[in-house]
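Just the one chain here, laid out as structure tokens, in the form predicted alone.
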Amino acid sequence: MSYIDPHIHMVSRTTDDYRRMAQAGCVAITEPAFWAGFDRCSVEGFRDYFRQLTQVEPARSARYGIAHHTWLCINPKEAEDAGFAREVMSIIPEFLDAPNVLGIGEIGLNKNSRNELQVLEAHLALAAAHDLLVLVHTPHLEDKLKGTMLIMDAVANAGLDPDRVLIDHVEEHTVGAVLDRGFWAGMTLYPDTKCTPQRAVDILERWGMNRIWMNSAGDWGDSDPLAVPKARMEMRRRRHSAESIRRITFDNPVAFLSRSGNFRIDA
């Protein structure tokens, strides 16, 4: 059964991970721009990073029959310097014509600061001006609920359609609010934080399968690029139907991502 990993940071993974994902049935991924594990100090560093996301990774994934898509932004962890963040944002339009760009992301909040919120609002304005999809990072556990509410209010104030915005890293205490306001929700499957496959399936069984997906967000930290196939195994163990498993790991991502004309799945 084919699946999509709609949030994974392949710039931090080895080529062997592409091979293992393809063997497990992965046919498409989307890779949001994110924090590299350190704060970058120049706009040119981001220009090289955006080139990597729009040129290098699509070629690397194509060797394994996996369609690669990306989102562009400066991540909220690097948004405290609002002036620098706006300099980085000024070069994003140079890359929006790349055929694998879906939208702006992963934007959002990290510590819920005033500067982060200003940069979030500027990203949302950029998305609105270019009619782009948006993928949102929500803060970690202690600030997640407050940050999620601030983000959803900012999206509403920007006049964006929540049906074109994915709020990622939802957990038990945020997923209901996200779905109730008409957004799409993403569950990130980490070994220790965010959602384990077991917790993610618990969430599906409580809140249903509309406007929700699962992703691995595999990066340079403690993460698993095969987390989505493992969650599918957990769904099978609990006797969920093949139709339900396909809906969460393929149909729902396709439904949201196809709102961008650049989304494709290679045969």
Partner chain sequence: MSDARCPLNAAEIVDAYFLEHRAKVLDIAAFLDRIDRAADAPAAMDYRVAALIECIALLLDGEGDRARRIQERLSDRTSEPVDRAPMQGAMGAPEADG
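Worth saying up front: this structure is predicted, and the values here are computed from it rather than measured. Positions refer to the first chain, counted from 1.
Quick note: we don't show the form predicted together with its partner chain, though the next part is all about it.
Residue heavy atoms within 4.5 Å of its partner chain in the predicted complex occur in exactly one stretch of 63-71, 50-58, 221-229, 205-213, and that stretch is 205-213. Between its partner chain and the residues Arg181, Arg86, Lys146, His130, the one pair within 4.5 Å by heavy atoms in the predicted complex involves Lys146. Though its partner chain is absent from this view, in the predicted complex it lies within 4.5 Å of a heavy atom of just one residue from Met152, Leu160, Leu117, Ala98, which is Leu117.
Though the partner is left out of this view, Gln198 does reach within 4.5 Å of its partner chain in the predicted complex, counting heavy atoms only. Residue contact check for Ser90: none of its heavy atoms lie within 4.5 Å of its partner chain in the predicted complex.
For the chain shown alone, Ala125 is not a contact residue for its partner chain in the predicted complex, no non-hydrogen atom being within 4.5 angstroms. When its partner chain is considered in the predicted complex, Leu141 lines it closely, a heavy atom lying within 4.5 Å.
Using a 4.5 Å cut-off on any heavy atom, the residues of 232-258 that reach its partner chain in the predicted complex are, in sequence order, Glu234, Arg237, Arg238, Arg239, His240.
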